[in-house]
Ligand SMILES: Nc1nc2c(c(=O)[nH]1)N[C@H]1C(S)=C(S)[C@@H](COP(=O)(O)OP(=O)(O)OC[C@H]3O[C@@H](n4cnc5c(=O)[nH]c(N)nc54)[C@H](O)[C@@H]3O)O[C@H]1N2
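Quick heads-up: it's one chain on its own, the form predicted alone, in structure tokens.
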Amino acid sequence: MAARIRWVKTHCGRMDHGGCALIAGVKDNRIVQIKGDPQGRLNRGYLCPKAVASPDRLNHPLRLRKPLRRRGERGAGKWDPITWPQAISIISDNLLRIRSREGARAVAFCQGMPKGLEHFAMIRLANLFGSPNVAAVQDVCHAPREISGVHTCGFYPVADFDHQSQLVMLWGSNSTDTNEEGQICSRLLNRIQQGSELIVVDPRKTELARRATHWLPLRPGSDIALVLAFLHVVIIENLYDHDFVKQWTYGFETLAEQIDEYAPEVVSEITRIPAQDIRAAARAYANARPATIGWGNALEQNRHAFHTARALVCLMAVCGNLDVPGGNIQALDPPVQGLRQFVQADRLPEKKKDMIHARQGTLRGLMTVPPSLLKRAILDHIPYAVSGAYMQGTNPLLTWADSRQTFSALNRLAFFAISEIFMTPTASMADIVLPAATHFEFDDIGHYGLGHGTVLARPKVVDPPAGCRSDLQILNDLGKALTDPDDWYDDSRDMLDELLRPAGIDFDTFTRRGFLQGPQRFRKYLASGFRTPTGKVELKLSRAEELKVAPVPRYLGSLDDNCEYPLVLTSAKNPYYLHSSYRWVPKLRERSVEPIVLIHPETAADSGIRDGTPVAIETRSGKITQFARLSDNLPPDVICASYGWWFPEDKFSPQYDWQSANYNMLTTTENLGREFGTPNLKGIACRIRRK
């Protein structure tokens, strides 16, 4: 008798940020179908192409299934299979040897985009090991918005899509393609369907821009100038919320003086947006009550990230849209264990002073090391040497700025190990590669620690292959080998129950509920003020001198016009992949076969470029090849290249050709933003030619 399909509810975890509720059909320990759960807290049945194809990762013939030890030269692609006890022993012996010789801070723990509880379990491991250095990509994703918000208004202001807004302004956010953390596009589309007016700030005319009343195709890298022009219109035209500004802001007069020089007519020359369009959009936002800003991490991917995020919080504040239903709110967490307790922060009390970037003068509150500054420590021993690393969920050769420099840094490490589900360019350089379970193959909790007020149950759907282990189990095993075993668990699943204990439930009960949401309360400042030194929204930072930052947001200058590199380079996430992940999944690769660069037809004609032909893209830092797609959905002086490309089908190179089309061959770690160590990933001077 044939086995019946068993349906299991879970949440998406490692295909996108979003956290869509899924219903997985299981037969004989294989997922045969994925559906969107119509009762899902965030998606209400929505499903993206990545989720539909996600089961194909589990049974891929080239999936990693045994721990591997490098044989021969680093990157040569020669491996010996070993047992799990051998792998844990080799990793712990090497990291402990480095610690005994150079100190715990000489070992870095590296995370890509946080995908679940594994990021925080890694921080726990680093703290207990004694290393202050957990390196991650928050400097270009999430942290500038979160930390700038904390310094300005005392919290991270997230868009409230649970309540109707009169207007939604999307700034560097294209959620129908990529979905921000906790901001599934179905919720946004519901708001639009119910009457919210839409403003889109994006160099590309996306599908959402086509639906917008106002589309502002700004020049990449000029976001801060545009926000200051909005503030100019709002303040000069007396459109701000006078009562809120008077009672709940600090430094309004200083901000008003500062923005005097950012009239739309002046900023138009910087952003390439007509002054009348800037004024119309600013007036629309200021006159809407309430209005919300859905801000994406595109605005964080240049050295102006702090000033841009600060200015947007100031705009939310002066228009009275902070912590109101349908505005940008402070989301309250459900009653789960606090982050500080879970990561055992008290065990490393000097961490804030000893982190690599703290010694480089970054802004207070950034608790992960920017990769650009980690590489400086590896290559130049600034501010001290790092010579060992453990990595998970990351592919730095593709995703960190300046890939040549990253290659040199990986080669310079005395030892590094990585967990992966497929051999990637970065994994091919490791000393030890561990075969990881996918998120369908272990119990996990999603969205913990992300500031959106919701945590999601991700129960296991199928068993992993015999040789694969979850990152939580790997970290638990490494924790016992590297630190006091009493600080870890008999079973890694026990850490889920510990995290949920304050809510009075265990993981099994949590699975039946599906999610926990914090209480929804608004205008909390009426009772206790804002959590800043002045108790108000600090349009002017009261601790600016102490923090060594400008007291009010300012424009630092943008891309210089250069006849040698006359175009402006930007990039966008691919809706079929997650950063550099999953180009080896056939159903996704069929939807996006090759790296594409969007070029305006006029620009292409000037260079003799036709649709589909190979194009050389060149910056001062490097040169790559991608394939032309002609489009009038972006300005003539802007090109939009694909990001995260490597070629797992390339059998002639053990590192899968990580150079020829890799966007980060065009970027540099020079001239970083001081506040977060952020490199310019967008708004880069470039040129193109027919290959």
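All of these numbers come straight from a predicted model, not from anything done at the bench. We number the residues from 1 along the sequence you see.
This protein has a second form, the form predicted in complex with this ligand, left out of what is shown; the following refers to that one.
This chain lacks the partner; the member of N174, T249, T271, Q258 within 4.5 angstroms of this ligand in the predicted bound form by a non-hydrogen atom is N174. Note on the partner interface in the predicted bound form: the residue among V201, A229, A417, I599 having a heavy atom within 4.5 angstroms of this ligand is V201. Under a 4.5 angstroms non-hydrogen atom cutoff, this ligand in the predicted bound form has V140 among its neighbouring residues.
A572 belongs to the set of residues with a heavy atom inside 4.5 Å of this ligand in the predicted bound form. The closest heavy atom approach of A437 to this ligand in the predicted bound form falls within 4.5 Å. The shortest heavy atom separation between Q473 and this ligand in the predicted bound form exceeds 4.5 Å. Picking from 534-542, 124-132, 513-521, 295-303 the stretch near this ligand in the predicted bound form, with a 4.5 Å limit on heavy atoms, gives 295-303. Along 188-224, a non-hydrogen atom within 4.5 Å of this ligand in the predicted bound form is carried by V201, D202, P203, R204, T206, L218, P220, G221, D223, in order along the sequence.
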